[in-house]
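Take a look at this single chain in structure tokens; it is the form predicted alone.
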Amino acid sequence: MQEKEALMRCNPTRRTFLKGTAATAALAAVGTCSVTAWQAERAEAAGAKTQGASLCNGCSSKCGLVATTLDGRLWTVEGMEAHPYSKGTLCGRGHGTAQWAYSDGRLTQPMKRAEDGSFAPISWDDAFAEIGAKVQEILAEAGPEALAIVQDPRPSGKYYSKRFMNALGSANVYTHAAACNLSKESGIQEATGASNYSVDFPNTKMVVFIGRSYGDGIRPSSVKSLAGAADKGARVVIVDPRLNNTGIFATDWVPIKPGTDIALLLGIANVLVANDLYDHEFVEQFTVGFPEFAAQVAEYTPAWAEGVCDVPADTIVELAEALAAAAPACAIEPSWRAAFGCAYQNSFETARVVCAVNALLGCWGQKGGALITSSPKVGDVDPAKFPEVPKPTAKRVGDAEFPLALSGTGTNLAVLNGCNDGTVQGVFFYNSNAVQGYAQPAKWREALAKAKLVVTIDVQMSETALASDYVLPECTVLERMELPEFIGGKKHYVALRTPVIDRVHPETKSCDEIFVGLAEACGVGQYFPFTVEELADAQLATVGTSLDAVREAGIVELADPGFQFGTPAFKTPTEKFQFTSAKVAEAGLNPVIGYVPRLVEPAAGEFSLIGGKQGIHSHTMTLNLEALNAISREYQLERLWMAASDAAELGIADGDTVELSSSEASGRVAVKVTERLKPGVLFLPTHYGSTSPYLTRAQGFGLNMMDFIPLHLEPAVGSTMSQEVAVTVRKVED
């Protein structure tokens, strides 16, 4: 691959990819034994056979699944046909995470940390009582604003964690978003008034992916939609330093310098405006700030963009002209975490530029274009049965410093800063491994050591659990019921996570049971005088269905939201698409959508380091599961990717051990030499390098990318800037 090569034509076999995905899923489900032999053996020994519907927990998609049990023990899981995300298929993660219920790496009882750092069992009653006493102490000394929770949103978790914290008087509720997609969604919000959008794949003529890979972060419906578009002849362009696994569907690969996607997109915008290829009607009727944007974008010529992003100017012009020819049945896909979810100093602005290019193409709301759809909303429930929690008086920590962070997520790094300066003294983590996966692990450990109370709720002894005073074991996804999951789009649905097997370990509890126990111990139990079943039924009644109906079906289609193609109603302050934003100006940034450079530029002899998902793993969460860990080891998926030309220059061969170093850390790992990576770039998968001795399969396997990243926070947003780093690499000779 030539360093200046901009477009690589791909000729994939898409069906091969889909078959490979299915094979991986089967391997994850049953290991390396014969599927036919295994099924025959189990069927012969089978007693009572039952089926139940539920939701996966392998990632944030929460795909619908159907579980079959034999004599009460899990036998198989498969994708739910009616669920819009699974459409009858589960990915490898979905099959693998079903093993959690029987995993030998599970937490099976509450644990308390001793002064020497070791952990010993503690009863639920004692754990609740001691946590409650420490919470009361913090409230008396520092007030409710000294308490915080970080949670990875799941149906019950996002409700109970917020209600619990608000009942204590604290607004400090955060998600994992600052280490995932906070910048992307905040930028889209400022431009469009919605935090996300989708692409109308059935009708699209051309789609451009910026760093995102459906083939690595697999949601079955997304893969199927993209495969369908590709089969119909849509042009699929991947802009990524790495030819990722979505390449099987692509027509073009544009290898780009990491952190410079913004320059490529501005170069495309320049061509559309300068050559009068943009949609005048849309711009004149439905946008604000275009004259200011047009004046500024005149500076961002394709030649300028080439100098920044290392994509030839001719390629930029060709892409812009092809998009204009396909418009409005085309779009820049919104991406997720990889390229600008939380990665660089310019991630927020990159998201705004993505939206701006779509606006110039006039593709918002159009067939084949970028769709902003609605989601179902829960109505009011009986306040006597479900008492309203008073709104906290103090503002959430970090909101003043990071005013552009999406209001529903906040900036969880504010917790780290708050522990360091004493603002935050008590921290709860639910389904969150912030220490290992969110930002510099050493900084998280140092900060949490200063807190008076740290509590983790999880299914396994994560690195965050190791930094906690108390660890409370949740039962696994197939053993618990949760609140309804509402699903938006062209159609509206509600699905339900229900227990399909009995609890394997009786000392584990469900999310609602844990938070109710905490609330009672902390003196706010009066806000939880209901069961999860009662609340679920009440919520479902507000959308015209019932707990029994959804429990029976697994998923229910709700009233038709009346989606129609056409320019959407932009829910911005101006009620139009915003090329300029007053809120961005108030935050001290350029109100006009424009250029922001990446923060760290590798010097001579240094490399950019990028990370990303693999289709069988979900960040740090899944590596200790037996089948998924076995796949990683068999195929050496932990390896560091290096471009063939760089490897040749450094005398490195495929499989060699190399030492990777940054200003923060150094570590050794095997290398994968490949033509699928832009020279000057290294790729490290983000699932490895566990340090928890309780996770016996995962500990010490591979490297944790977060160890190598300096702790940066994106201005005004507060994302982790998770790829702002320069590294060196050398062959290990001994």
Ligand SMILES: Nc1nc2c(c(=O)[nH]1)N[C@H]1C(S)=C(S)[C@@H](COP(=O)(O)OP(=O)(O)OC[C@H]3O[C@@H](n4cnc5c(=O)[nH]c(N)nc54)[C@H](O)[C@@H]3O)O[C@H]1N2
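As the structure is a prediction and not an experimental result, all values here were calculated from the model. For every residue, the number given is its place in the sequence shown, counted from 1.
FYI, the form predicted in complex with this ligand isn't displayed, but the following is about it.
* Within 4.5 Å of this ligand in the predicted bound form: all of A179, S213 and Q460, by heavy atom? -> Checking in the predicted bound form: A179, S213 and Q460 are all within 4.5 Å of this ligand.
* Asked: Since the chain is shown here on its own, which stretch among 303-311, 391-399, 120-128, 620-628 would lie within 4.5 Å of this ligand in the predicted bound form, judged by heavy atoms?
  -> Checking each option against the 4.5 Å cut-off leaves 620-628.
* Asked: Does the 4.5 Å heavy atom contact test between P258 and this ligand in the predicted bound form come out positive?
  -> Output for P258 is yes: heavy atoms within 4.5 Å of this ligand.
* To do: Would you please decide whether F348 lies within 4.5 angstroms of this ligand in the predicted bound form, comparing each non-hydrogen atom pair?
  => No, F348 sits far enough from this ligand in the predicted bound form that none of its heavy atoms falls within 4.5 Å.
* Looking at the partner-bound form in the predicted bound form, is C59 within 4.5 Å of this ligand by any heavy atom? -> Residue-level check for C59: yes, a contact with this ligand.
* To do: Report yes if any heavy atom of N431 sits within 4.5 Å of a heavy atom of this ligand in the predicted bound form; otherwise report no.
  => So N431 counts as contacting this ligand.
* Asked: Just one of G517, G362, G611, G594 has a heavy atom within 4.5 angstroms of this ligand in the predicted bound form, so which one?
  -> The residue in contact is G611.
* To do: State the residue from A405, C330, A339, L413 whose non-hydrogen atoms include one within 4.5 Å of this ligand in the predicted bound form.
  => Selected option: A339.
* **Residues in 92-122 close to this ligand in the predicted bound form, defined by a heavy atom within 4.5 Å, in order** => The stretch 92-122, when checked against this ligand in the predicted bound form, contributes R93, W100 at the 4.5 Å heavy-atom cut-off.
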